[in-house]
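For reference, the chain that follows is the form predicted alone, supplied as structure tokens.
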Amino acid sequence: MTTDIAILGGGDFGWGLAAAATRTGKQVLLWSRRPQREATDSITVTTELERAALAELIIFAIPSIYVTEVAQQLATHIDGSHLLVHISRGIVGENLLSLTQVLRQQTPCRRIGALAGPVVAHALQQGKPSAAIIGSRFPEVQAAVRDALSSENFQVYATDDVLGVELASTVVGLLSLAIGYARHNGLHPSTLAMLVTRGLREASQLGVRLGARAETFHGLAGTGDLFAALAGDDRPELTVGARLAAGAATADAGTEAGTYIEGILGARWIASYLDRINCEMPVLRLMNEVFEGRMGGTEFFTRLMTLDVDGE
């Protein structure tokens, strides 16, 4: 069987992307260390990572903490002709290294992108109308992703601001945790709106400082993704945030929800970066304090409402 697209990761999102690709008539190779589902007529399941090289387009649908390792293992099997894309919400390390930078460092590939936006695994698997955005500086990466995934029920938009897409998606992951946390504690909708609006504003300021464009944070990768979280799209971050609010330990909340959550570690790295550059972004800092277990709900809401107010 020919392979049109390779997807690395046998979790719900990997299978969701595979399902979306089969709707466009593509033959999919899905790699997983421990496959939990059976192959289909259009989806071949393998534990042999080197087989991913059979496809020009390779999508990393794995948590950010595993991307470096898998990229290193894949690197000896691929070359500059391959197109790499990731869907992780994470960043790596206290220097806020983006995953496209990681993939560029660890592999011979240069044509790389990031897929993000208001889409969740079950919507992809069930073919519900949804949308995403592919960020890449390479038009051929944008075209390949849109060709592989776009259908009448799944619209894929594009931008060349790949860093903005990655940072916006990362911070939306943090804010989604905060939404779940705040809702569990009965936060009023108007206060919740203030939390996410100010948090995203800080994220756009951080993004501009790092080289991204502010408008990207107000598109599908940022505001659009947040709208879906506020509407209650059943993303796992909402569940984990609620578990944290209910008293679950940070180390246990993701395990109890049956998923790995990148936002908790990302919040720590962002807070550390802000300390190093002596930059005040209070909402992002407050979220880290909560996720690290150093601040409870009452103090969080009190601090949120007593932040210094500046211009919009």
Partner chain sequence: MRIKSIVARVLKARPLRVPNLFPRAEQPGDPRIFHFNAERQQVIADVVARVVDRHASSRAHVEYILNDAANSETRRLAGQKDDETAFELDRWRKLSRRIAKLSHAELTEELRKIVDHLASDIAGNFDTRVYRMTQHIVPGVLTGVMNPRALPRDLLQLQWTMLNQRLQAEGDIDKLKRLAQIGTLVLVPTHSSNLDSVALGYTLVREGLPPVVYGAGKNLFSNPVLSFFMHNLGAYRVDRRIRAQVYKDVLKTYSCLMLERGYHSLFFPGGTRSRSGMIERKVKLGLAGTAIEAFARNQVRGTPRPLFFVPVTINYALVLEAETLIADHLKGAGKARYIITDDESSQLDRMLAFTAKLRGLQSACVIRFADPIDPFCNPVDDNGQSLVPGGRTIDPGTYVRRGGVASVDAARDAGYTRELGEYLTAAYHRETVIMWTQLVAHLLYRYFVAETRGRDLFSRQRLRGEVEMPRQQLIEDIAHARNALLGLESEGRVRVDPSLRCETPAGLLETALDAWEGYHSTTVVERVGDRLRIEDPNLLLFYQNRLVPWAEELATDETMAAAREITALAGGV
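Note that the structure is a prediction, hence the values are computed from the model and not measured. Numbering follows the first chain given and starts at 1.
Just so you know, the form predicted together with the partner chain exists too; it's not on screen, but the next bit is about it.
Interface residue remark: R198 is not counted as part of the site for the partner chain in the predicted bound form, having no heavy atom within 4.5 Å. Among residues of the shown chain, D79 is one whose heavy atoms approach the partner chain to within 4.5 Å in the predicted bound form. For the chain shown alone, Q205 is not a contact residue for the partner chain in the predicted bound form, no non-hydrogen atom being within 4.5 angstroms. When the partner chain is considered in the predicted bound form, S130 lies well away from it, no heavy atom lying within 4.5 Å. The partner is absent here, but in the predicted bound form a heavy atom of L83, alone among L83, I87, L99, L174, sits within 4.5 Å of the partner chain. Comment: the partner chain is not present in this chain, but in the predicted bound form one of R104, H218, R146, R183 has a heavy atom within 4.5 Å of it, namely R104. Figure note: of the listed segments 130 to 138, 218 to 226, 186 to 194, 117 to 125, the one touching the partner chain in the predicted bound form, with heavy atoms no more than 4.5 Å away, is 130 to 138.
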